[in-house]
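In structure tokens, one chain follows: the form predicted alone.
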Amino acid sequence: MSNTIRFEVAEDGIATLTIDVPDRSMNVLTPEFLGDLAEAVEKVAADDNIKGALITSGKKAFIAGADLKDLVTAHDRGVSVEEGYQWSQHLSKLYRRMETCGKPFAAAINGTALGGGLELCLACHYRVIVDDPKAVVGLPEVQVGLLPGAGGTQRLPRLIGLRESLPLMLEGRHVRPDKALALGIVNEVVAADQLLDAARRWLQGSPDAVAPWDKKGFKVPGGAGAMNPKSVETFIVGNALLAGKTQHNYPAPEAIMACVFEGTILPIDKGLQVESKYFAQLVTGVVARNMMRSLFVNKTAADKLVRRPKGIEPSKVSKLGILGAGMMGAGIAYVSARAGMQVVLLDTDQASADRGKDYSRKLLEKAQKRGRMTADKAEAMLGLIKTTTEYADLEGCDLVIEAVFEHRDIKAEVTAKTEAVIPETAIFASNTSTLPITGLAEASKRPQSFIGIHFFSPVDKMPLVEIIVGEKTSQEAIARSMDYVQQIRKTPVVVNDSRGFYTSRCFGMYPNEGITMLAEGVNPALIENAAKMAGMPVGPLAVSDEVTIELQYKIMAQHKKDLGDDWVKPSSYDAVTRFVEDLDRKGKRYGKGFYDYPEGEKKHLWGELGTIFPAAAEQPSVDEVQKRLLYIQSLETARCIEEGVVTEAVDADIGSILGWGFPPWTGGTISLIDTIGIARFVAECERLADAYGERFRPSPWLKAKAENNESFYGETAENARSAA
């Protein structure tokens, strides 16, 4: 008897296969389910009384795709390319058997169908989907370094054409029912109570259904192959755009292009073999391992609060106070009201507080124009945000987040005023990005309830929140802060207190290194382009302008003041000081920095950079520039782990990708070390230290790990996998 599929046959001879994988919130393609599906298909094929089969789900979603926890270990376990090929072929042959068994199959898609779930639907002869915008379909495998390995790269182009299907696979885009119907991915969109009847009705009238590509004379819509002008144009333009976007760091998009190009000029069965070949190369490669591990397995575990302190009751924030209605405070107000909380947005004057609320109003107006929100819902959400200048309005808050200027005295003042009115049980959090939480907590009468909750800008778009634990922060404060982050649907990482914590400290090494190279005479265009070619979203000089050179100058000055004789002058200090004090070029906000920002035109590197910092006679290679920029961030992350600022490698990787855009192909700052190999990484850092400065010198602790060939991933990664 099947454990994952309920098999029922009605009087009209239509079998209903209801997928319900036990102990899973969503259906996934487990080995047990695939075995049960194979048995069910054979049962349908062999029973003359069964005229056709309807496949649907017993859960809210249809199928979420493959179980990546099984695939993520392929590289580390030494799975061969041949084994990877057989994995893909096993699923392809199962779906192909269903498609060619002589009986019609219809998919009644009652919710989300992604990856292998959509591929199952594509192998059915007819697809009906529920009229619900949340019931999206798509092939998102590229987002974790893979390609659709159960026929997706072959059936989707044959169904809707190359030009329409390639962007969906190359971007991993999700498609809503109305769009899926317009594209031809599904055949009908119906109300939920008509879903099964619609699929059954088609089955009753289509006893001899055959997939389009199994009919004699079939041609791919719009054409395929090297002799078809439209096909050639699609691949020429697509490859050019792909190279510019991925810089050849990501093998999956290139494999998808090759798969579609090669496979669609062959019969479907040969095309499926081509797909399996490319899938095998990807699933056994290190890039897919890195992306699956960090972007799916470990992120899923973090979203489920895997490191939340045990034994503390779950909590919810009903009323949130925010001190400071600037860019950060306004963003926090928006995401919190979106989660249904009452929000008190406080500033020194009413006009400033109201401007903070206007940020939410503008975002909601955009959502309405795009059809993503009704006017009533937008108005109700705005109604949750109360603007004020009175601290008394914070009474009854469960959590208060301070987002005022990065100045200790100002933060101390608002802390005292807030604690005078909020309940004893409330948590007080600072959104500081650089100032140690333990020091800020000295202004609090209840340091056990004082914590750091560090958001990233823009708050409504950035998925990460860094929770910083001070010396006296209680386990309850940590747990409740994590609950709040989950409540606003963001991903938390927990770190211990330190100057700059984890994200600001390690990301700061990136612009520092870029500015240092500029001062050494490295061509600024080489610096910026090499960074983007490595996969960083923005060059180090451009990002310095974005956050402002002035801010870096102020942070250096604060560190110098705080650390006294222990202060070590950063390698970019002189250049930053010169730009702020002598050249008055403080960054984008001021209209000039390392770049010029002419009105109505694209920004461009300042033409006088070569005069201020004359180009060196010998320029480094692109590879050398990339190593300096990436390795310095990974090395600083290793130092954070050594010092106990970051306690888990998985948090470091998630934080680096989601927090500041470290290249996802690496898996994160720590995964980069493991990917390179720790011994090789340490040796390269020693070379870089000899060539460019002691900031690259690995510590004795890291050298010892290299000598013992110790990976950063081990038991902690297993814990994350079991929690995901």
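The structure displayed is predicted, hence computed values, not measured ones. Numbers follow the displayed sequence, beginning with 1.
Just so it is clear, the following notes concern the form predicted in complex with a small molecule, a form of the same protein that is not shown.
This chain is drawn without the small molecule; in the predicted bound form, the residue among Q194, Q475, T348, T577 with a heavy atom within 4.5 Å of it is T348. Of the residues given (G324, P253, P177, G593), G324 alone sits with a heavy atom within 4.5 Å of the small molecule in the predicted bound form. Heavy atoms within 4.5 Å of the small molecule in the predicted bound form are found in one stretch of 326-334, 196-204, 557-565, 139-147, which is 326-334. Annotated contacts: T387, E390 and A412 are all free of the small molecule in the predicted bound form [non-hydrogen atom within 4.5 angstroms]. For the chain shown alone, S457 is a contact residue for the small molecule in the predicted bound form, at least one non-hydrogen atom being within 4.5 angstroms. Proximity of T432 to the small molecule in the predicted bound form: non-hydrogen atoms within 4.5 Å are present. Not displayed here, the small molecule is kept clear of I488 by more than 4.5 Å at the level of heavy atoms in the predicted bound form. Within 4.5 Å of any heavy atom of the small molecule in the predicted bound form lies no heavy atom of F218.
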